[in-house]
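First, one chain by itself in structure tokens, the form predicted on its own.
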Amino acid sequence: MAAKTDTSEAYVHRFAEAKATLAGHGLPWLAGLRERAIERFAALGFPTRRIEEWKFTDLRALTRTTFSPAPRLANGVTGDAVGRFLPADLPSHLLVFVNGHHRADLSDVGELPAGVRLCGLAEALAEAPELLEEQLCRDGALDGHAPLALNTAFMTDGAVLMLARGVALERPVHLLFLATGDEAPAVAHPRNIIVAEAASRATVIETYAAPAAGAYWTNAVTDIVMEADASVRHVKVQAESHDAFHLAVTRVRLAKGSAYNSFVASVGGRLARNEITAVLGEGVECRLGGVYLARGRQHLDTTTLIDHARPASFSNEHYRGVLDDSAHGVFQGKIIIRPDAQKTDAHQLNKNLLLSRTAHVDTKPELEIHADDVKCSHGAATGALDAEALFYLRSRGLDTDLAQRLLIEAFVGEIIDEVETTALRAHLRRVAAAWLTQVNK
């Protein structure tokens, strides 16, 4: 069951105070959706470890504080701060959000081909709300997920990307979310909506970071709807402030013949949970992968669900974690194969590297199979650095720190190499290298 706390009740009261100022407040369908969402959140409360999907992640550190809506800032973040988080040598259609609010002055959307709409959620609700009603009000929009319900109640901005049939975006779309980490604890509820119509194609980069240290909460939701034969590559970098909380839900619906390829690099935050749910139609290809790198007392949770709802689809899932000091990693991956999903080919693997005796990981790969003509595998492995490999490198004159770093880089680099775009691979290697420079300090 969920926890009914004074903190959860405080968000219900704050919604009553803020609802008249939220984006799209004049739309009856949206007002009704928000009311249903806050009622759902009030009934659920924050999840506790008694809920199976949350058994390894304790939110009490988050619920001890009531976070205020993040302020809209007209300045205070510069273009130089933005540039720090952009991949080198990879031009993009850039949307920048500060404290969850779109900043047009920091963004650089550039020229978009015909049939592409890229803008902020607040702008879309003001100018073309009919485009969003179906996506926001679809069945299962609230599920049994309290942070998702809270996001639906409070969502103020986020990115909207809509691709018309057959459109191919050559440059990636980069959604950059920056938090200022001001003195008062603040929360942002970004809501991103990506709709790829039939045979369209795009690469989306989603980055969460902070130019300076601070305590705050990001509660993000990204909804991706893919029609027949569409293709979306999705790279996410979670590099929040060391004292921040990050809860994120990505929900993907894949129609016949579509392909979704996701990679998540999680390195920041005091507590972070990246949750991905993908529902697969017929003949779909779905690849999920990523790395989580944690030190100190960080808690990084990766939770996934791949639902093979129709036949003849392929899924492959591969995550790796590196944990130092007293850090805690979590991997929960579940694959469901429905009775009608014959000819399914599904594979799942989680590997973890522990750099200290006090680091630990909970890993729970699962298969739930209701069909008989399938090929499935799953597995997990956790261990320390290979002593023989360390000895070999030390015998060649490398000091211990450098030898350890080379082995860790190889462990992480092997999965980063699965990312197809050269510039994105280089960017992810830089993210990992920045983390590695702190391992022995």
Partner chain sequence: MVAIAESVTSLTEGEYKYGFVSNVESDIAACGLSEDTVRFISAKKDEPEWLLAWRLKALRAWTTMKEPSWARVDYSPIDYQDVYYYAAPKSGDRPKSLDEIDPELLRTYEKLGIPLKEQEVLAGVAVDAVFDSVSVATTFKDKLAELGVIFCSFSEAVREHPELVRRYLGSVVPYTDNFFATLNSAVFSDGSFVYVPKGLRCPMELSTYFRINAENTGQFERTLIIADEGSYVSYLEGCTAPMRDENQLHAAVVELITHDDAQIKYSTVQNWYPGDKNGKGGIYNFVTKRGICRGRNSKISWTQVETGSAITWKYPSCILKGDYSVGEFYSVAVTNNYQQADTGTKMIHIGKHTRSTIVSKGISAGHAQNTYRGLVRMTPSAEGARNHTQCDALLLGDRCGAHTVPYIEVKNNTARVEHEATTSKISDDQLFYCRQRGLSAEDSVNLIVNGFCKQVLQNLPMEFAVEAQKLVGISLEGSVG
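Predicted, not measured: the structure shown is a model, and the values here were computed from it. Positions refer to the first chain, counted from 1.
Absent from the display: the form predicted together with the partner chain. The rest refers to it.
Heavy atoms of T400 never reach within 4.5 Å of the partner chain in the predicted bound form, leaving it off the interface. The partner chain in the predicted bound form is not approached by W54, whose heavy atoms all lie more than 4.5 angstroms from it. Using a 4.5 angstroms limit between non-hydrogen atoms, R171 is distant from the partner chain in the predicted bound form. Using a 4.5 Å cutoff between non-hydrogen atoms, T363 counts as a contact of the partner chain in the predicted bound form. This chain is displayed alone, yet in the predicted bound form one of N316, Q342, T277, S326 has a heavy atom within 4.5 Å of the partner chain; that residue is Q342.
Interface residue among A359, M162, V204, L178 relative to the partner chain in the predicted bound form, by the heavy atom within 4.5 Å criterion: A359.
Looking at 34 to 42, 405 to 413, 379 to 387, 62 to 70, the stretch with residues near the partner chain in the predicted bound form, meaning non-hydrogen atoms within 4.5 angstroms, turns out to be 379 to 387.
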